[in-house]
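The chain below stands alone, shown as structure tokens; this is the form predicted alone.
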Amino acid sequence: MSSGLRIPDDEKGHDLNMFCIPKHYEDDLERVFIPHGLIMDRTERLARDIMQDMGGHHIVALCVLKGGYKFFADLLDYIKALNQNRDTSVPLTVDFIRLKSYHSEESTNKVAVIGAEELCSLSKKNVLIVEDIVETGRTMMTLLPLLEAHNPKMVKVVSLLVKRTPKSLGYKPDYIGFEIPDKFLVGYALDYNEYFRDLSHICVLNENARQKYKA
């Protein structure tokens, strides 16, 4: 298991005026917490680590929708680049699944697995699950046993973010982009009631916005 880049609890982030923020979100954000360039550099390193561990065999990359789609696309671009520039290369295919456990800010304590009937196609394959954020760990602890029941050859999980929270059940993915404090973050496909997915940076949402976009 790799360690993520640890962002301390007292990290203040960066002034919004230092970055390009869409006008329609300027009043909704406190700070830029993880700039897009840093996300990309960390994602490239994760791609290298993954190829070192899994690059000997066909990889099926399983994207957890919706929040994981941007990280998934960028990570696969880096993996494909590495694949093209090695002396040996391996096939890379993709699949998608949706895990739904949150409505607004509150966890329902239940995880709905949408697309679970397709997991049988992953039998005897090397599977890389790509997730945007691990908070309690409940979604992965639900998905992994369902996947293991179909006898994959190998399963690894990469998550862009892992949140330090008292609600955590102790689960940690195999590869971690950033270990973050317990803040409400949006952007880079992380949403709040479907808003902010179109934000390039990961930012801290302010309290007014949480009321404004509340379902």
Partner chain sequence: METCNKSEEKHESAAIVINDGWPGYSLDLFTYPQHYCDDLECVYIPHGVIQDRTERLARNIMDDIGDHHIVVLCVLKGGYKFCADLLDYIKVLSCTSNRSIPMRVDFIRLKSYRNDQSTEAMQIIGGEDLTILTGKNVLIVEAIVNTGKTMKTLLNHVEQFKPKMVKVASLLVKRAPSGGGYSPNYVGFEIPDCFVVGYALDYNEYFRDLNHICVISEKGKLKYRI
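Residue numbers count along the first chain shown, from 1. None of the values given here were measured: they were computed from a predicted structure.
One more form of this protein should be noted, the form predicted in complex with its partner chain, which is absent from this view; the next part is about it.
Contact check for Leu92, Gly137 and Glu148: none of the three has a heavy atom within 4.5 Å of its partner chain in the predicted bound form.
Though its partner chain is absent from this view, in the predicted bound form it lies within 4.5 Å of a heavy atom of just one residue from His36, Lys153, His58, Arg164, which is His36. In the predicted bound form, Glu207 stays away from its partner chain, with no heavy atom inside 4.5 Å.
Taking the partner from the other structure, its partner chain in the predicted bound form has a heavy atom within 4.5 Å of a heavy atom of Phe19. Residue contact check for Glu11: one or more of its heavy atoms lie within 4.5 Å of its partner chain in the predicted bound form. When contacts are judged by a 4.5 Å heavy atom cut-off, Asp27 does not count as touching its partner chain in the predicted bound form. Taking a 4.5 Å heavy atom cutoff to its partner chain in the predicted bound form, the contacting residues in 44 to 62 are Glu44, Arg45, Arg48.
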